[in-house]
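What follows is one chain in structure tokens, specifically the form predicted on its own.
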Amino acid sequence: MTDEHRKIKLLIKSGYPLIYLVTWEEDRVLHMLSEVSSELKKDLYIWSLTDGMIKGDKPLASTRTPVGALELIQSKDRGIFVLRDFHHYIEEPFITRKLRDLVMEFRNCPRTVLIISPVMKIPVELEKDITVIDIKLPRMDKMNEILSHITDGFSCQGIEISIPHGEGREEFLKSLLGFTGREAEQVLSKIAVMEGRISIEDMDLILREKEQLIRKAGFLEFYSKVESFEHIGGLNQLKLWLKKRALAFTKRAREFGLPEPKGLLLAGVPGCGKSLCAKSIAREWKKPLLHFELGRVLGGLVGESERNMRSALKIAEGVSPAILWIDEIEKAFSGISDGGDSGVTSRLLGTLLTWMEEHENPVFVVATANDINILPEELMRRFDEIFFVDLPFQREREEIFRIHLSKRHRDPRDFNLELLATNTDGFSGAEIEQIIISSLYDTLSDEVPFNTDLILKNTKEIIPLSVSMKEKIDNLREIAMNRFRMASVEPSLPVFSELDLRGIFRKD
């Protein structure tokens, strides 16, 4: 018996009149309700617009319409009544009033109405009378049952099954999270037919199927091409922090007594690698990356934006373990104090804060921000750590030049990287990249050599943000120096060669 089974049974026994079950898995929930009705020895009635009200296998007359269904419920003394896809009708004034009348009658004659729908719509008049239960998608134990059932069936047909026990099987099962039971069965069957096997190597195929789920929802964007830490210059302290948490979502970490990390805020100077780092975490941790653009959840109807926000976060949890990337988060919540949007921004923030505090499934939030002055303090407290990404120092600039020259098929050893880094003090990584690109265009169009001198010439033609926005960036760096952890730490001690050390420790 699942927790949801126990909870629904308890609510029905306690006389709760209206229960709203939010789920895509109608078949699984109907099977569970059939078991509950049998245990409680109550008749089960199931309604849909196409079939009307059905008891057992018997359709009941004059119940095809929502009003007909509610009138039948009103005529019965006892029973459990299930209304499928009733969200289409619940906000109609007559239906809302009829449900309120039923709630008052149920006090004297206990009956229970359960609404099953993938969408939650509750009119304000019924908010105090409805109990909402989110039916979770299958978790690890259920996915393990599904996997065993499918692999046993295909094994009998001669299909090769190659899924080891232990951590390998755990990772494979985690890749299936986010699917309904039926979707998981379909994906595994598709892999077996297409590949002639079901193997641990097929996790990439599962991830591609999962991408379709995210695209259909519309609120999140699935990033299949992510960067590597090798493509990020510097940020040594941030990289170290992330590498130490690479096993954060494993069973081994739970058994070791470690909690799952919740989130990371990357604040700092524009163009210094915050977004690039967010993308690289997915590759380092081998988890799917979801880009959440908060503007997509905004809707024109009252309550629609909050509903969309909850849907997006629920999808992210369904795909877990995953990385949820919110870029330039300060733009979404910058006007929260003026109330110019009738409180929508404030309610969206409240929804996000509550979810970050209470969500159960492993979703790691990576938020980036250019202007930390306008971020609400209650949001900043929700992150495990806040790193400040500053302008790169000398050695980091050398590394950034090396990375961008290599990406464009040039040998960094042919360039004076130390001289280039010295002449780009105050430049961001993005500005250094543009210098390389501009120099390559010069070489292509003017047929001049692509060398250190050409790059230095283009360096002098660019005014970096550290100059054009000096006051703002200086203020940003000053605030961060005393409040946040630095993503990079420049070595303060000189680097000695072996001969230097011999000289320092020479015995006279």
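What you see is a predicted model; the values in this text were computed from it and never measured. Throughout, we count residues from 1 along the sequence that is shown.
From this point on, the text means the form predicted together with ligand ATP, which you will not see here.
- Interface residue among P261, P288, G318, P270, judged by heavy atoms within 4.5 Å of ligand ATP in the predicted bound form: P270.
- The contact with ligand ATP in the predicted bound form, taken as any heavy atom within 4.5 Å, belongs to A430 out of M140, M203, L419, A430.
- Candidate site formed by K98, L102 and T131: none of these residues places a non-hydrogen atom within 4.5 angstroms of ligand ATP in the predicted bound form.
- When contacts are judged by a 4.5 Å heavy atom cut-off, I400 counts as touching ligand ATP in the predicted bound form.
- Contact annotation: R395 falls outside 4.5 Å of ligand ATP in the predicted bound form, judged by heavy atom distances.
- Among residues of the shown chain, S275 is one whose heavy atoms approach ligand ATP to within 4.5 Å in the predicted bound form.
- Proximity of S117 to ligand ATP in the predicted bound form falls outside the 4.5 Å heavy atom cutoff.
- Comparing 400-408, 351-359, 184-192, 161-169 against ligand ATP in the predicted bound form, the single stretch with non-hydrogen atoms within 4.5 angstroms of it is 400-408.
- Counting a residue when any of its non-hydrogen atoms is within 4.5 Å of ligand ATP in the predicted bound form, the one hit in 356-376 is N370.
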